[in-house]
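Below sits a lone chain in structure tokens, taken as the form predicted alone.
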């Protein structure tokens, strides 16, 4: 029962800015309300999709507060607290714990190439800073560090470590982590392009950066999987992948494009923070096509 609340579809929460590029409480609340209405299982706050590495400590703490004030008790809340220093990560962890988050998560240390002993110490000091459960975030394509099964097993000796958000591309990694942890851990599929494959290989749910752009499709893909309708799940994944490719094919960053998609839905959460690139005038018409792709797939599969 302890792990049940961490299963299912958990969108990675986006950074919500005002027109001047500052964190907006009102726009954060608007995204909270939108995702709550879509009946997703939870939100993952302050990670890559939340542009955490481009925000200072006070901004990140403010976002964690705004989301908790709006959604605590309504859905599962996971706070990503990874930061360049252990000290800042612990400060964010304690803040999230005081706000009533359900679990913490963190990427490994970035920039310097550190040995496993340093990475273990970093994660363990965050874990020991609060009573909250902890989810390791493995994303080697951005951090340059790959979580090994041996270090995962070592971290699992701490009962507060309940799983891993695995964003490496090989689905075999999901199978390996699940084999190490078994039913006592939750393994999240990270790459949205392989959600269905990740579930088949043992993932208990997913945390993804495109979920909020098309929540109905991911919720339905999850439902098809649970029902054993794997052919239907594969077909909806194919449509999702077409949409993801389109989201990544414009001049602006994927997150800028997603934010404009949401803006067209009536949820204005601003643009992105540099050095991420905003959408161009050329992008605007092509976003209409992306919305059409999402709507047509939703009409086809979500009845």
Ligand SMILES: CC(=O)N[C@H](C=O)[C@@H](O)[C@H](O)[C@H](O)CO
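As the structure is a computational prediction, the values presented were derived from the model and not from experiment. Numbering follows the first chain given and starts at 1.
The same protein also exists as the form predicted together with the named molecule; that form is not shown, yet it is the one meant from here on.
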Just to confirm the contact call: exactly one of 192-200, 122-130, 172-180, 228-236 touches the named molecule in the predicted bound form at a 4.5 Å heavy atom cutoff, so which is it?
192-200
Please tell me whether any heavy atom belonging to residue 209 falls inside 4.5 Å of a heavy atom of the named molecule, as the geometry stands in the predicted bound form.
yes
May I ask you to state whether residue 246 is within 4.5 Å of the named molecule in the predicted bound form, using heavy atom distances?
no
Residue 134 near the named molecule in the predicted bound form, any heavy atom under 4.5 Å?
no
Residue contact check: residue 254 to the named molecule in the predicted bound form, 4.5 Å heavy atom
yes
Select from the listed residues 167, 76, 222, 89 the one whose heavy atoms reach within 4.5 Å of the named molecule in the predicted bound form.
167
Quick one: of 141, 158, 117, 150, which gets a non-hydrogen atom within 4.5 angstroms of the named molecule in the predicted bound form?
141
Need the contact residues for 16-42: heavy atom within 4.5 Å of the named molecule in the predicted bound form, sequence order, or none if there are none.
none
